[in-house]
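Read the single chain below, which is given as structure tokens and is the form predicted on its own.
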């Protein structure tokens, strides 16, 4: 909001409502509170989040987007964007009364250039859109573990994929980004155009404009050795200690995680998971079968009750992690930890192990290192992730009362792991408001603020984690 608009709002609070009404008159894609389209558009993938923006916009074309941003800017309104709202819990903590929430779900075009191995992806596409388009060409993307996560938000925040330890963060495999400025104009940022903006976008999130398209590099991967192993939760201490020792020397070609999962007795769950508490090791290995089998041998030696590791089409990895296939109410949070030694293992087991009283659905330790610990040439604002593992926990929260209790439980677990926390946050896993500057080195944070001031001096664009 411009300084003038802020002053006017202090004098006449109804001004914001008037400006929103004017925007709705000028832009048919804008919907105000009380309309069915507003109520539909404000709901995020995480249905436990109650976000109430000043207005919701449902543009059908990039031209609609430009028109919307141009008029919102003239009226002194702020703009934020959402594809799916997987991380909506952070955005909902902001004052959204003068914010237009733009849902980009209608803009899902994906074009594959197989010769250049590049995907050109519109703002509303989810990862399954890209995976399905790339697979016929024998190509794969640095997608996440869930099929329905938005490509743009995931990538601008860093993006941790099944190939991350070999190929780094998704943000550092971006070729170009097109976005709308506060004036409503589309500009391109890449290695040769608006290079400061290109740097800032790759890790700095949605603070710098409304992204319309993103171009990402693809990998020549048709199939991969991948799968999961499962043990009952009472074997967690043994499995975790083996995983910790194995992690210390795992090759870059494997990206993997270990999770403690406590499933409710829901009928839609498969028999081997329904109502059970289990330990799950899963991962993807970019090696030939015999080499891959040798890599996971220490975990296989623990005689899991189920082992699905095999050569599979790369496109199937979007279901490997068993992330919920539909919108789910949840409360979660995560931190990077800098070691998984005996002390950290005991803290994790005490917090979420089989003898704990936790009711968290997920407690995960995702392996870092490899390419994530090295700075690639031409990296963006997030060069990699410091630490040995990402610790992430989540609870299902079907009611506000359960959500409040789950917030306390998530905080309790993260506090128990705090002594092992790495220096820098990874914002893609920060499901709660944080000190955003802690995700960057001081020089990087200063440069991000300078880019923000240059491209969005009035603070028109609001991101989940605001700069």
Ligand SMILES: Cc1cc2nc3c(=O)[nH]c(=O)nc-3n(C[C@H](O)[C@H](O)[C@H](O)COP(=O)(O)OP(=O)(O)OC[C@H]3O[C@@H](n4cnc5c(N)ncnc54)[C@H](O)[C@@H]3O)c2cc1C
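What you see is a predicted model, and the numbers here were worked out from it, not measured in a lab. Residue numbers count along the first chain shown, from 1.
In what follows, reference is made to the form predicted together with the ligand, a form of this protein that is not presented.
This chain is displayed alone, yet in the predicted bound form one of 304, 334, 73, 85 has a heavy atom within 4.5 Å of the ligand; that residue is 85.
A single residue from the set 104, 318, 257, 173 has any heavy atom within 4.5 angstroms of the ligand in the predicted bound form; that residue is 104.
Proximity of residue 145 to the ligand in the predicted bound form falls within the 4.5 Å heavy atom cutoff. Proximity of residue 295 to the ligand in the predicted bound form: non-hydrogen atoms within 4.5 Å are absent; the residue sits far from the partner. Under a 4.5 angstroms non-hydrogen atom cutoff, the ligand in the predicted bound form has residue 154 among its neighbouring residues. Contact annotation: residue 420 falls outside 4.5 Å of the ligand in the predicted bound form, judged by heavy atom distances. Contact check for 251, 340 and 425: none of the three has a heavy atom within 4.5 Å of the ligand in the predicted bound form. Looking at 204-212, 191-199, 217-225, 280-288, the stretch with residues near the ligand in the predicted bound form, meaning non-hydrogen atoms within 4.5 angstroms, turns out to be 204-212. Looking at 432-467, the residues that come within 4.5 Å of the ligand in the predicted bound form, counting any heavy atom, are 463, 464.
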